[in-house]
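Take a look at this single chain, the form predicted on its own, given in structure tokens.
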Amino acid sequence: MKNADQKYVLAFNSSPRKEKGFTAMVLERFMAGAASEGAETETIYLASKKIADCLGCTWCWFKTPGVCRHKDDVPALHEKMLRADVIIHATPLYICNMNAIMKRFLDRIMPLAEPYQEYHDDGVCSHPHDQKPDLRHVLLSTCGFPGLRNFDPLVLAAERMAEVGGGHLHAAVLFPSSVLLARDPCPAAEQLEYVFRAGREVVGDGISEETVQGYSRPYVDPHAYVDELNAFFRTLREKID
């Protein structure tokens, strides 16, 4: 049980590779940074949880308010979310967006909100909810493509989901060319140190723009990366042929 001043940083990692994936490699640096500042940290591997598909039945709004009809692992995860000061949604990029495991989980957050709608002057419509007003949402994602543009649909989705929940996306930690993270020496070692710093800052005054710029700096020439990767893929295909 955390003390009154201790921050609780909760991460949901939806990679099917769980702790062995590139997403976990980046997330671990972030969580280590938060822990170094005394935060309580916990990572949930969604691929290990039983998560049923949302049926869109609105049972959790009008029949048993706040309680989903499914009997699976999600209610216990909701309890953790309501206690968290920082929530990280960590997903590998699949077809320019979150993977199906993360989407299935996020589809199930309806019990945390009321059915009533609130329309804001900026055009955003949201639901009343029980989450903390100062809750910080962080998106973390890795991708095999070089460059950040392929993350655009995912970032937009994360921003809108945070707004619908009455909050905002505090920061996005995005690592393209993620297959290079396994190299020794790691070409993104400096960027990963900024991820550690982001974890430290998120439980304090917030992640600074300097830190965002630090972990967002390119660590590979995209043309050279594509050429090298394509040569490797051709070798694999030739073995099949």
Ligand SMILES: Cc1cc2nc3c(=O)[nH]c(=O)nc-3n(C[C@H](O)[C@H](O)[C@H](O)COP(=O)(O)O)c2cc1C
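These numbers come from a predicted model, not from an experiment. When you see a residue number, it is the position in the sequence shown, counting from 1.
Another form exists, predicted in complex with this ligand; not displayed. Remarks below refer to it.
Legend entry - this ligand contact in the model of the complex: Phe12, any heavy atom under 4.5 Å: Taking the distances in the model of the complex, the answer for Phe12 is no, it never comes within 4.5 Å of this ligand.
Inset, instruction - Consider Ser178 of the chain shown here, and say whether it contacts this ligand in the model of the complex, taking contact as heavy atoms within 4.5 Å. - result: Taking the distances in the model of the complex, the answer for Ser178 is yes, it comes within 4.5 Å of this ligand.
Inset, instruction - With heavy atoms only and a cut-off of 4.5 Å, decide whether Cys143 touches this ligand in the model of the complex. - result: Yes, Cys143 sits close enough to this ligand in the model of the complex that at least one of its heavy atoms falls within 4.5 Å.
Inset, instruction - Spell out, yes or no, whether the shortest heavy atom distance between Ala100 and this ligand in the model of the complex is within 4.5 Å. - result: Residue-level check for Ala100: no, no contact with this ligand.
Legend entry - Heavy atom within 4.5 Å of this ligand in the model of the complex - the one residue of Val124, Leu156, Cys96, Ala76 that qualifies: Exactly one listed residue reaches within 4.5 Å, namely Cys96.
Inset, instruction - Run the contact test on His129, Gly165 and Gly167 with a 4.5 Å heavy atom cut-off to this ligand in the model of the complex and return yes or no. - result: Spot residues vs this ligand: no contact at all.
Inset, instruction - Could you tell me which stretch in 67-75, 143-151, 104-112, 80-88 has residues with non-hydrogen atoms within 4.5 Å of this ligand in the model of the complex? - result: Contact criterion met by 143-151 only.
Legend entry - Sequence-ordered list of residues in 219-237 near this ligand in the model of the complex, where near means a heavy atom within 4.5 Å: None of them.
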